[in-house]
Ligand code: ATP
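We begin with a single chain expressed as structure tokens, specifically the form predicted alone.
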Amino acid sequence: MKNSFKIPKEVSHVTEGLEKSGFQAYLVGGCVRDLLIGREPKDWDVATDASPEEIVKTFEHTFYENDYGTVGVVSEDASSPRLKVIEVTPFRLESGYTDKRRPDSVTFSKKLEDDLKRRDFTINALALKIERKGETDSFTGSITDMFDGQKDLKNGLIRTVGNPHDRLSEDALRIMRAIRISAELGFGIEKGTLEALKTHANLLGHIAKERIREEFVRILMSDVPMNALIMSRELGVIPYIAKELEESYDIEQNMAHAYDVWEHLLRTVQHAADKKYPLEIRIAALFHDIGKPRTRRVSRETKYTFYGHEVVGAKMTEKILKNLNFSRETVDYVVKLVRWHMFFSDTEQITLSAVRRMIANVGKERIWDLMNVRICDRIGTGRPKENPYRLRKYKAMVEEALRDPISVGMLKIDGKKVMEIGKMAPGPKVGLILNALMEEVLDDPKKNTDEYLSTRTKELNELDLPTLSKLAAVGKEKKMKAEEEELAKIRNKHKVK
């Protein structure tokens, strides 16, 4: 029985183009797997019996810059200015994996079977031949399944193609890929494959940090990073991601925490995933307390203290992320979240001026992410409430500190400009003119322009001080009333006083 699928135009353009030129064309790998389980594929790969040179001749826009036969076919997307690239690879045989990642030699083949048997897992060793249904974008498809991949899909199981020790020795990154796919799909791992993953975990030492990082990021961005990280520990993979995490195992905390440091970190990052937070928050959630084991001291009152763990943790996090070759921007962002995550601790009393200083420390663009890290941290301790009164109060204070001040600072003119226009020395008259201008702008924000305020400054400069003082007093009173109204709205929004 043939299945029915929706296939993007740029993909069918490639398969149909190859077939019209007399070649075989199959969708292969993860895209077939995702189609069969109802997920939208992120990447589309095509396998063919055409050689790289024949693929290049078949399409107008291509690029071919590798030793493995993969040709990128470029197609324009009519709905956007972006170009889409579909990777097309000849059927091939591989041999020798000296670096535990790439084959030493590649031989092109005319047999689909040769291509499928070199793949990593049975659920990725599926090939789909598509056939258009009439004039629509719907296609029927027949599956080639040599290794019971469809059965493993149905059972939610990850199993290597053939001998697991052979497959993992060929490409050690498959160890992390198995964990990542398990997290993304919610699949289990077949017993023999699982045992081989543990046996060969040390081979990850041969893998480039960039590739480790890519799989680590996808694990964190899955729905269940906690499960994947637990599996990573059990299989001995954690040292190849961040060896420092091993220090957190079984490190008991004080009475405010229901879990040891390791489990607390896992629960914190899991809550970040549950909230669909972006990558930077998830990384910070995982590493925010990584400095605790190195700063733990015995305390009579609280059992343990961890003074300065955020400072130590920030340095450790920076080292970890740089080792994994994260971008400078990501390192800077995450390190600041780790360094300042204790600011919103429930045991602290925070003033509005302290909040302003914190915003200066982490940046306006990071302050809400810092708050979200704190929320995840709280849930990670085992506390049931994500948003208690004190945290709502902090949110209100952040909004107060972030809002555009209703003051002369919002005017499109400053004291220096007033003195220049009025040809006056510094003195009380400058402030009176600014407050008088403030009164007018509060009444009509459209007046807040360089042209109007400059003209009005000349007029106000002609007034005597008593008259100017009266105008300024009205402006100051209106400013205070407007500020009170703004603060009342913010506090009511967060249900705090």
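This one's a predicted model, so the numbers in the text were calculated from it and none came from an experiment. A residue's number is simply how far along the shown sequence it sits, counting from 1.
Note that the form predicted together with the ligand isn't included here; everything after this is about it.
- Between the ligand and the residues R378, R218, R267, H200, the one pair within 4.5 Å by heavy atoms in the predicted bound form involves R218.
- Of the candidates E318, D171, E190, E244, D171 is the one whose heavy atoms come within 4.5 Å of the ligand in the predicted bound form; the others do not.
- In the predicted bound form, no residue of the candidate spot (E280, T330 and R366) has a heavy atom lying within 4.5 Å of the ligand.
- Annotated contact segment (heavy atom within 4.5 Å of the ligand in the predicted bound form): 117-125, selected among 117-125, 221-229, 389-397, 144-152.
- Contact annotation: R180 falls within 4.5 Å of the ligand in the predicted bound form, judged by heavy atom distances.
- In the predicted bound form, the ligand sits beyond 4.5 Å of every heavy atom of D450.
- Contact annotation for K42: at least one heavy atom lies within 4.5 Å of the ligand in the predicted bound form.
- Proximity of G30 to the ligand in the predicted bound form: non-hydrogen atoms within 4.5 Å are present.
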